[in-house]
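First, one chain by itself in structure tokens, the form predicted on its own.
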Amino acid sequence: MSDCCPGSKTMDFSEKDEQGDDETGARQSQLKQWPIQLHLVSPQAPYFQEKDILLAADCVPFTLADFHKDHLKGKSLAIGCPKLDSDQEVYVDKIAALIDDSKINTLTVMIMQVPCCMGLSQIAKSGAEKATRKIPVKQVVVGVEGGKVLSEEWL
């Protein structure tokens, strides 16, 4: 598509050869798609179909040293910021479309322990409630100091 911004072009990296989990050298990224920003992702993208989805607040990957290895591996990703992103009502519809149209298996929402991040969990809950299919939705809260998972609960 010639009128599409290259930064918004759907790209699926999942077919790349997997390198071993060698802990002695540089780790391989576990990101298997592009784009990742929730405003830009398409629920019809092949990398969302019948997959486990990780919806992460923008700050989470910078706080967790092993984000790729421990949380992203084997999942498709979307990111967003409930404090800074505009037009968030679109997010609820996107979550519902991921559940109903893409038939995702699970949705894990990773947020920081700051109050504004709870908005991302609320968006995920609202999208799940709007969807006709019911799937497991998990919330993972990450500590600001020390970058540790503080809690995990099913919503």
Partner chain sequence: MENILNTDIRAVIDQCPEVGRILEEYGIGCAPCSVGSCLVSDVVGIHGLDPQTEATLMYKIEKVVYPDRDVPEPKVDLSKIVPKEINYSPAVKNLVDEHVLIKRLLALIPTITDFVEKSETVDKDLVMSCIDFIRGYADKFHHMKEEDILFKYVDEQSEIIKIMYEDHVTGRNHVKNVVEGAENGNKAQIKEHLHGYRDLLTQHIKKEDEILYPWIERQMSDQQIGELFQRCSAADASVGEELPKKYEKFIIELEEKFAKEN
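If you're wondering where the values come from, they're calculated on a predicted model, not measured in any experiment. Positions refer to the first chain, counted from 1.
Only in words, not in the display: the form predicted in complex with its partner chain, which the text now covers.
Stretch-level contact check against its partner chain in the predicted bound form with heavy atoms at 4.5 Å: of 84-92, 98-106, 35-43, 111-119, the positive one is 98-106.
Though the partner is left out of this view, D66 does not reach within 4.5 Å of its partner chain in the predicted bound form, counting heavy atoms only. When its partner chain is considered in the predicted bound form, E129 lies well away from it, no heavy atom lying within 4.5 Å. Contact check for R133: a non-hydrogen atom falls within 4.5 Å of its partner chain in the predicted bound form. The partner is not shown here, but in the predicted bound form the stretch 48-72 reaches within 4.5 angstroms of its partner chain through a heavy atom at D52 alone.
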